[in-house]
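Only one chain is included here, represented as structure tokens and corresponding to the form predicted on its own.
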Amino acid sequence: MKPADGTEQDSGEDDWYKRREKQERIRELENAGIMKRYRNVTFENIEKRGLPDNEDIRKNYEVVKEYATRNLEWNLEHGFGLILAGNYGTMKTTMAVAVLQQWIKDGHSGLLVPMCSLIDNLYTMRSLNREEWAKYEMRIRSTPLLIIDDLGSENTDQSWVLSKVNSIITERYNKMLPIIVTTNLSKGELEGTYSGRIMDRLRNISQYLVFNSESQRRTLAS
């Protein structure tokens, strides 16, 4: 028999609301480009798991965390971003996702886009559905925070790709909308691949952090 005070029913309702909240949270994260692998990547969870014993990564982590917590509103207002550059497997994407998670938690919206997916989506959508393509590109250009993951992984041999990257960065620069870039390319490689004017603009509105350590992927999902 059920208790007269309805405890069992209340418990069931609580479970239903919790499941619903979890599903809504997952949809919110996926809409921001945060998929299952990075769903639980937050500054709190990174610190619970423990940062690698690497001074370079720890120093950069503190800068990124300060960007997302202490100076969040100022960065949003002034369009100030980050460039996280260096070796693969050094937590660059992890840190960028943690910023976006904090951004969303604080009531803002944003979008994480792997560079290869961005170009592929723009190319495919334009062929299949011009309306969806226009909406997607407009979101990239106007979302309050854009994270471009793995800049340089796209096929830059095609001139339209470089033109599109330049166009997106220029528009966001003019609108004072922040961009966080992760890349395995060095500063010289970036300048040799993209327009010098565009890279100058990115550096002008971004703190440039270099990750010199070896890959941590054997012990830490990055």
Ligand SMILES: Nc1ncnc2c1ncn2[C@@H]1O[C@H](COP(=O)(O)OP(=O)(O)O)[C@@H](O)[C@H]1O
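Quick note: we count residues from 1 along the sequence shown, nothing fancier. The shown structure was predicted, so the numbers you read here are calculated from the model rather than taken from an experiment.
Same protein, other form: the form predicted in complex with the named molecule, not shown, and the subject of what follows.
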If you check in the predicted complex, do Gly81, His108 and Ile180 all have a non-hydrogen atom within 4.5 Å of the named molecule? no
State yes or no: in the predicted complex, is some non-hydrogen atom of Gly152 no more than 4.5 angstroms from a non-hydrogen atom of the named molecule? no
Even though the named molecule is not shown here, does Thr93 get within 4.5 Å of it in the predicted complex, heavy atoms only? yes
Does any part of Tyr194 reach within 4.5 Å of the named molecule in the predicted complex? Heavy atoms only, please. no
Is Tyr123 close to the named molecule in the predicted complex, meaning a heavy atom pair under 4.5 Å apart or at it? no
Option from 25-33, 38-46, 64-72, 162-170 whose residues, in the predicted complex, bring a heavy atom within 4.5 Å of the named molecule: 38-46
Taking the named molecule in the predicted complex, which residues along 46-78 bring a heavy atom to within 4.5 Å of it? Ile46, Arg49, Gly50, Leu51, Pro52
